[in-house]
Ligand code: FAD
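Here's a solo chain for you in structure tokens, the form predicted alone.
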Amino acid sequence: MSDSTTAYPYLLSPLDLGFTTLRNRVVMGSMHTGMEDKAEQFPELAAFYAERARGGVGLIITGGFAPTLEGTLYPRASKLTSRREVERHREVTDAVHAEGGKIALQILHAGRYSYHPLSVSASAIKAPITPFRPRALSERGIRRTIDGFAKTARLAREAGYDGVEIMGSEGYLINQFLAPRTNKRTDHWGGSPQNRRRFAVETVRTVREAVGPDFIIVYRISVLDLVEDGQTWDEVVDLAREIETAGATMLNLGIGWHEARVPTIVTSVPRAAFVAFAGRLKKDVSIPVVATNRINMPEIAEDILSRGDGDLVSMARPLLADPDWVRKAERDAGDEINTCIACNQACLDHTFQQQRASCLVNPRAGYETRLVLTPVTRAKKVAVVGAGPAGLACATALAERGHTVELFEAGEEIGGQFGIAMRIPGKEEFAETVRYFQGQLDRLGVKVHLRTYASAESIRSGAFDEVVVATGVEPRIPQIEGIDHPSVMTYAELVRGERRAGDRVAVVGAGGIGVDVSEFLTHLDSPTLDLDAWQEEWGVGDPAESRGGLRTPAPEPSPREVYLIQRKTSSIGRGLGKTTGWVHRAALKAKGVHLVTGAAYDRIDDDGLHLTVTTMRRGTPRGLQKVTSRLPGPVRQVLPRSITKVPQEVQKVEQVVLPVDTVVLCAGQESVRSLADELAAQGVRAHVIGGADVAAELDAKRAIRQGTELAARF
């Protein structure tokens, strides 16, 4: 039943589960925050979840807690295996219940994804993303592991949780039993599809017996493995039916394994790209099905539910970006939502580096007790100069606290570097952040001066109590002979449409901006996030036709020949994000971009770009190879690559001329801080933030956090 009195009647309608009712159809999906791993951080974890419950979420699912020591993600990672650990969880559940929410604990056994030598799996097959080879579980080990799931579920109930989610997707242990890729067993836990799913079904059945009938059991089911030798669609459907019979309350969809070479949650993935699988599975089961992945706005969620592609929607990162997401939907104020742009820079990248998860567009996420924007007792008049990410974050946070703010921007529009980023194919979502900040400026009464160059004299004459300089960066112009040649342009000129590139382009500088520009150049002039084209490009198919849902990728050819060049001899893209860098590298390869490393820029002329290219031969020196070969396997596995793979010697040096008709400069950035220097010379103290403070590529995460933290101190 939908509630026709709201703007989003399906999304905001309650869901009766028989023994309990969810207040709406919004699930906060599981995301490991890093606070789960330390007992002393549970008060902060409680505050984090309480803010999302206060924001109206129907059901929260925690980050994963292991049911056994072997199942932990890494040494001393989160687990719930004894009563001694229950009390700290009560602080979390009590905080959520006090705000009218419900919360389930995710039980996650990492299997061969464990980053420690105690790892176990269905078979002794090493994962490509960890250095440790797992031990195949024995019959006794399997039974003990299933009992571990049940014990953790019982402890979760004692701790006050409303339910548990059993993690059966993303390539973790249960998923490893399900797929022929990782289950080579010949006993009754492997071989046939029925035997391979026995572990999952027995786990759900045993958990249900342990917790009783009036407790939510969510099963996270992998409907699209996106790896070779994954599951077929018929196997997924048979599993879903048996999981329902075993006692699951609902099915939450999982898409892709962590080792899959198909992106599933980054910003270049079209919105709601996988929800059709939820609608498809719904036809074969009678319990609720949760649609997931790249759902970030209420209208998207409402459309999914209204057409029957799910009974609920799951979002994790969007509720990092805006904990009041649901409340804003209730007010029909979707335009006020701080939209998740799926950049991963402060959330998943942090998680996979064992740092606390936060959010690029909302630095308060994960720091609710530390970064607090309290109302001021004495309002100040503040000038903020520069409307890029740092200036926008600072101006809106200051106004939210009650200060009187004037924002000065020399350009014709707000956004700064985000105004450039949102024009990159696959980064269109960045426009949502600019839209959000524009709305905040209007709602909070910030006086905005566009096309206004703020001089030291004009700032002084404004009688401001505080001055914030957030004037950002400008492209660095390298010292190359012929740099003033007509073929040369900056990345800003290109992306903003002020200049057009020819058919053969050299991109000077292979950092994050150089990679973005290369993607810009290798797409058609008017790119769109078309789902069919995206599936073709990445080889996403139907698991009913091929195991795991993989097919041969068929990306559109690049309209230009592009050379991406860097001075360093290391691989291009090594400094990109942990969870997104591989996507960019794969995209460049698919488009046929020429990668040139070890390049010295000699000159630019009518013939093109002249380079001196040094090629290094890499490998393990023979002496070191002999030493490391004698070490035990587990020791060799954890040796740093800097020890086992080092540059050996210069292979060759050659002169190269790239016959290009366009050279795009992406050779770094320089701070624009002349205003700060002028103010300092006149004895006016200014706070310098963002790129004006430190010129670093694609560092909006630091800029927005810095602007917000400064506003919190005023």
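Numbering starts at 1 and runs along the sequence shown. None of the values given here were measured: they were computed from a predicted structure.
FYI, the form predicted in complex with the ligand isn't displayed, but the following is about it.
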Picking from 408, 149, 161, 172, the single residue whose non-hydrogen atoms come within 4.5 angstroms of the ligand in the predicted bound form is 408
Taking 4.5 Å between heavy atoms as the contact cutoff, choose which of 168, 71, 388, 310 touches the ligand in the predicted bound form.
388
Which one of these stretches, 325-333, 512-520, 539-547, 270-278, sits within 4.5 Å of the ligand in the predicted bound form when only heavy atoms are counted?
512-520
Can you tell me whether residue 417 touches the ligand? I mean in the predicted bound form, with a 4.5 angstroms heavy atom cut-off.
yes
Looking at the partner-bound form in the predicted bound form, is residue 206 within 4.5 Å of the ligand by any heavy atom?
no
Is residue 12 close to the ligand in the predicted bound form, meaning a heavy atom pair under 4.5 Å apart or at it?
no
Closest heavy atom of residue 452 to the ligand in the predicted bound form, within 4.5 Å or not?
yes
For this chain shown on its own, do 360, 472 and 703 all sit within 4.5 Å of the ligand in the predicted bound form, going by heavy atoms?
yes
Contacts with the ligand in the predicted bound form, stretch 421-457 (heavy atom within 4.5 Å):
421, 424, 427, 430, 452, 453, 454
